[in-house]
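Given next, in structure tokens, is a single chain: the form predicted alone.
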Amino acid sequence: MERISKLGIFGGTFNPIHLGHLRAGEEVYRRARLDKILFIPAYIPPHKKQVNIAPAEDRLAMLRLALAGRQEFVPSAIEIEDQRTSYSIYTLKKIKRLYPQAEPFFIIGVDAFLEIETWKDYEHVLEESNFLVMSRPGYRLAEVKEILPNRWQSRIAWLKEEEKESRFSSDYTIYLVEINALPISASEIRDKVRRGESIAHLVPPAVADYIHRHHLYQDGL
């Protein structure tokens, strides 16, 4: 079996997966020198209203199409298979059973991380894993330090482009990563599909084809 030391966990609704997700994954994979990244679509996202969300099976199918041929990116159905609200604490426990030798790194945008205090057992998640917090337009990465309790302040570090593997140590668990994000949102893609506009420049070709063949996002979905 392939040995995985540093495992990225990239969760989300992926409604649908788009080129912005892929660019973010590529940058974090390279900068953090991860061995693999699991892309995990949520079954029922705990922090999003259940509107305009395509069926889980369709979101997973699009993810598989987008990641086809990329050995470093692995589509994972572990949250969909559970068929319950997708809390990170449950996902983390399952991943630790599946990859007992791997050090887990949650990959998350700063906008989502700023809501971490609303997560189920969030301090336990912070204690049991690392975080790679990515920049997002309209948000400051430094805000991460403003929302966490004092005991976490000394465990936050910037992950700079020029830094080497040695930057990772048990002294830190939360790494702030400035990335060159693509200005793409899933809601923009859904709106374009509803209006009959092209999404060719926003998603991989196979994903665009899937959306049109399965008539996704045309009537509120």
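Note that the structure is a prediction, hence the values are computed from the model and not measured. In case it trips you up, residue 1 is the first one in the sequence shown, and so on.
Separately, the form predicted in complex with ligand ATP exists; it is not shown, and the next lines address it.
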## Note on the structure
Residue within 4.5 Å of ligand ATP in the predicted bound form by heavy atom, from Leu141, Ala112, Val74, Leu92, is Ala112
### Partner proximity in the predicted bound form: Ile174 to ligand ATP, non-hydrogen atom cutoff 4.5 Å
no
### Query
Would Ser135 count as touching ligand ATP in the predicted bound form under a 4.5 Å heavy atom rule?
yes
### Message
Is Tyr210 part of the interface with ligand ATP in the predicted bound form - any heavy atom within 4.5 Å?
### Response
no
### Query
Does ligand ATP come within 4.5 Å of any heavy atom of Leu126 in the predicted bound form?
no
### Options 147-155, 93-101, 80-88, 127-135; stretch whose heavy atom lies within 4.5 Å of ligand ATP in the predicted bound form
127-135
### Query
Within 4.5 Å of ligand ATP in the predicted bound form, do Ala54, Ile199 and Tyr217 each have at least one heavy atom?
no
### Message
Within 4.5 Å of ligand ATP in the predicted bound form, counting any non-hydrogen atom, which residues from 172-202 show up?
### Response
Ile179, Ala181, Leu182, Ile184, Ser185, Ala186, Ser187, Arg190
